[in-house]
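A single chain, nothing else alongside it, follows as structure tokens in the form predicted alone.
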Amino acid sequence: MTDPVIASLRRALEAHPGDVVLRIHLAQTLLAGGDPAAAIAEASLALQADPANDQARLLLGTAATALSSPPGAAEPDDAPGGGAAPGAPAGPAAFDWDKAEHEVGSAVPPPFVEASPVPVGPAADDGDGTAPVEVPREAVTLSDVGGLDDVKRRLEESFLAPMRNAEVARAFGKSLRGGLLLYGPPGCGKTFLARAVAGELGATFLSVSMTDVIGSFMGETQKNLKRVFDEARAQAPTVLFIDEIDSLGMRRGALSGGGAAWLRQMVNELLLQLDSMSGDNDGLYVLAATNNPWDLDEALLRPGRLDRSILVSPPDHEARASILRHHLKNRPIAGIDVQHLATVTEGFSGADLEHVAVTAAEKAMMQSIAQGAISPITMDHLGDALREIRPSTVAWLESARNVVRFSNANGRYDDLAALLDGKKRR
């Protein structure tokens, strides 16, 4: 096929990107024209739109085999137009599906399965496959956050709904200011949740941590903190996210040593900027995250500052399935049962689950390199990864038991107590 034909097919797909038949035709044309890499990309997109399309799966395996074969391996008679006389018009060669199926073997399984675990290791998977090509993601919103339904509900009540309906909120005496503290084990999505809040509103999102405000000279840190809040107020409505706030708002009574004085001044300035009486914070909402809320200065948690706190617990079954699907869907995969994986990964954080997906991908990649052909990630690879990785939330939850036992007289950590009690009963 000539380049103008391929170009016209691409223009047709731009007008009708969901036309699977047209996309498969383009993939066939590219493969026949000696461009298996581009054929793999188009076949992957066709599979992404229609995972059950056998023709696309078989074409994907054929293109992967052609990509991994050494140049010139095909017989002369197999080349498109190989027997044509010089100067004869080139025509589309008919694709021999029976021969391709014989060469490739069994079709690649669909990317995800919903049944019980499918043994699709090297012995059962004779074909090659590749994942859908990664598609650029849109802005993160709460719909991208797996699970955390209680967190989403409280965010909707305390911030999102008032910001979307400012006049109604003011009629009920609800100010468009305040703060929310997200706490929980590391790697469970606190930072991702803050990004989702900003994406949900289309509001300005500013992020700050200790390294952004600490200065080398006396008074510089306070000036930097004030500058951050002034910028946030100027761009209202703004979500100001303070990561690892315990490093900026540590207990002043516990500070000692040569640097204690300037650390106290840093905490004082943070309190001053958070206090609604010290400046116009209307339209400014502060989201803060910490793994250790019990290390925060008590004054930070008074009304008008970070007066609400939400436990971001390890993801539940539904959330684990969503996280695993997210981290696997744009990789070469076959026969993945995310529901089974979610069942056997209780206690894993979101970061742990990403680590599992990355480790499984590395194992499949090394297998592909050794075989000289693309080998998709299977349940075998994920099982090997799970045997190497343990949940990272266990240590944090154990340390939190003492806090619940001795420091929860005011009920601040009732959510955490309920989580620990539920785990103890199981």
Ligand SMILES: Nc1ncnc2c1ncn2[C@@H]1O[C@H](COP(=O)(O)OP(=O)(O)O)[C@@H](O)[C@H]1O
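From 1 onward, residues are counted along the sequence shown. What you see is a predicted model; the values in this text were computed from it and never measured.
One more form of this protein, predicted together with the named molecule, exists but is not displayed; see below.
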G187: touches the named molecule in the predicted bound form, heavy atom cutoff 4.5 angstroms:
yes
Given that the named molecule is not shown alongside this chain, does T191 nevertheless sit within 4.5 Å of it in the predicted bound form, heavy atom to heavy atom?
yes
Can you work out whether L148 and the named molecule are in contact in the predicted bound form, taking contact to mean some heavy atom pair no more than 4.5 Å apart?
yes
With the cut-off set at 4.5 Å between non-hydrogen atoms, does D307 touch the named molecule in the predicted bound form?
no
Assert contact residue (the named molecule, in the predicted bound form, non-hydrogen atom within 4.5 Å, options Q222, N291, Q339, S207) equals N291
Checking A351, M163, V267, A299 against the named molecule in the predicted bound form, the residue with a non-hydrogen atom inside 4.5 angstroms turns out to be A351
With the partner absent here, would D144, I323 and H327 each sit within 4.5 Å of the named molecule in the predicted bound form, counting heavy atoms only?
yes
Choose one stretch from 223-231, 329-337, 267-275, 179-187: the one whose residues place a heavy atom within 4.5 angstroms of the named molecule in the predicted bound form.
179-187
For the stretch 378-402, which residues lie within 4.5 Å of the named molecule in the predicted bound form by non-hydrogen atom distance?
none
